[in-house]
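One chain comes next, on its own, written as structure tokens: the form predicted alone.
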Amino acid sequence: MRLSYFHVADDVPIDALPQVAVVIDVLRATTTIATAFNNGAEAVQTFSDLNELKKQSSNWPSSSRLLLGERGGKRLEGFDLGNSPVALKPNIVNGKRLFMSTTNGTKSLDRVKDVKNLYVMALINRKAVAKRLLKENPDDVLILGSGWEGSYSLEDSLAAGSLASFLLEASPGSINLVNDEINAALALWSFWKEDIEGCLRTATHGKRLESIGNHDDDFSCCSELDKINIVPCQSEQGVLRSY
């Protein structure tokens, strides 16, 4: 299995996509998505364009939908929720379809929407995603971070490194790290793995969240490792379900 990592959506060569992609946005979109499914969401439909989100969500019964919108770390006006995983309690999301647009994560999902198998990973479901990859054993896996508005993010690389580390330990000799980005991510994980929340708070996006309010619960949730056994997968373009 050959692993490659790309820091942000624009780095991905879309004319040469492999059959498998894993999208990461630790702070906070992919943590939020995994949590939503863990708490009973029917599906998460993601959008890079807010107008398209509003158009498609209007065709869904209001009693069984939730609108999740975030820009700059803050909930968008007129949306039910922002991008906080701790806000997605079972009594709120169970059985609901979530229509979601965020600053960075949904852009990365959109970038690789044409791959055959698209998975969503955060630290909380790293082991579940890794075990799925080991079971399927694809030739190539593209791991894509989300960054911040086109720039590198520390926390997404940390998570990419954590995935590479798990795979290397579980299947030594069969995993090949094919670009410098994934090797750097592995080194980053080795450095920070005993202080995951510290890494998230050191990251520029972590500092950004701290500057706009109390996000202690989000930091705690997003830094938990292998907490849930959920693998969100794309079932049709833009629509994620848990299998």
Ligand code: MLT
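One-based numbering along the sequence shown. Just so you know, these numbers come straight off a predicted model, no measurement behind them.
Absent from the display: the form predicted together with this ligand. The rest refers to it.
Using a 4.5 Å cut-off to this ligand in the predicted complex, not one of 37, 96 and 242 places a heavy atom inside that distance. With the partner removed from view, the residue among 44, 200, 185, 29 that has a non-hydrogen atom within 4.5 Å of this ligand in the predicted complex turns out to be 29. At a distance threshold of 4.5 angstroms between non-hydrogen atoms, residue 125 is out of contact with this ligand in the predicted complex. Contact annotation for residue 73: at least one heavy atom lies within 4.5 Å of this ligand in the predicted complex.
Put simply, residue 145 is far from this ligand in the predicted complex: not one heavy atom of it is within 4.5 Å. This ligand in the predicted complex is not approached by residue 157, whose heavy atoms all lie more than 4.5 angstroms from it.
For this ligand in the predicted complex, the listed stretch (109-117, 86-94, 162-170, 145-153) containing residues with heavy atoms inside 4.5 Å is 145-153. Contacts with this ligand in the predicted complex, taken as any heavy atom within 4.5 Å, map within 94-126 to 102, 103, 104, 105.
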